[in-house]
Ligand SMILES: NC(=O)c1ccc[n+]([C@@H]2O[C@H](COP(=O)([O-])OP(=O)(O)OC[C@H]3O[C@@H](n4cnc5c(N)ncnc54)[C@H](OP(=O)(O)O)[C@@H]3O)[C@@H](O)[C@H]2O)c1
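For reference, the chain that follows is the form predicted on its own, supplied as structure tokens.
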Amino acid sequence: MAQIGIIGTGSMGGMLVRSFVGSGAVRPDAIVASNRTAAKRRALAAETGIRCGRDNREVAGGADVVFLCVRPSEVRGVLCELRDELSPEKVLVSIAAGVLLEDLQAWTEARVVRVIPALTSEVLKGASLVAFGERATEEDRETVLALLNAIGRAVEVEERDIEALTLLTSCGPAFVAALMEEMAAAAVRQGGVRPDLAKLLVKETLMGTAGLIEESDFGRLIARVATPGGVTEKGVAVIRERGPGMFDGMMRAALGKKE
């Protein structure tokens, strides 16, 4: 089994550790992790059974596949620190948004991969976006995709599409949660429903819909619920009319595009 290094065990790095171990994709003793805060890395090790590295160099030196889970602004500095540890025989997986493959390949001799994970991998669901650098081998591809498919679905994409696709995957849970929150609030305003009850029912509906959509598609699911002339069909018609403008605006804002 490949030895996995995790540099940075914050929100996403910690999530990857828990998901790899919880899914059974990686044995705890095959993972070594580092964090600038000793108490945090020790707490994660106690929780999951993984090993603690004293520092980033120890983690990189002892791993076959290194997941770099630091802030984008810190990536270059960490890679400079690890230049002699990240040899051409190693695989570097960066989860830093906005740090391109060409930059990673210039800053390290390792074979590089970009991954944009989603928080939904915490429950072994959702999609991770993956783009491979020029030096990555077919074996690297199989290894990385197998790891990510164990905690959700790995989707290989063109790097140029990552920014837009991230809105559907990594950002998606927040967008969906915001929409469902507004749906519950509308029931309170228009129907006089208690806020706690509205939120409970919306959560249950969301979880049930997720299960149904796995075996169907959007159009078929809508057709099963929205009987002709019924209240659901009327509500769907309003979404069809007003939704495109709202979602286009949301995408433009998130992508930093002007109206």
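Computed from a predicted structure; not experimentally measured. Residue indices: 1-based, along the sequence shown.
FYI, the form predicted together with the named molecule isn't displayed, but the following is about it.
Contact annotation: the named molecule lies within 4.5 Å of heavy atoms from the stretch 112 to 120 in the model of the complex, the single such stretch among 179 to 187, 137 to 145, 155 to 163, 112 to 120. The single contact residue among Arg27, Lys203, Arg42, Arg36, judged by any heavy atom lying within 4.5 Å of the named molecule in the model of the complex, is Arg36.
Of the listed positions (Val65, Ala198, Cys52, Val70), a single one reaches within 4.5 angstroms of the named molecule by any non-hydrogen atom in the model of the complex, namely Val70. Mapping the unseen interface onto this chain, Glu74 counts among the residues with a heavy atom inside 4.5 Å of the named molecule in the model of the complex. Using a 4.5 angstroms limit between non-hydrogen atoms, Gly22 is distant from the named molecule in the model of the complex. Leu101 falls outside the set of residues with a heavy atom inside 4.5 Å of the named molecule in the model of the complex. The named molecule is not shown here, and in the model of the complex it never comes within 4.5 Å of any heavy atom of Ile4.
Contact residues in stretch 144 to 181 (any heavy atom within 4.5 Å of the named molecule, taken in the model of the complex) are limited to Ser170.
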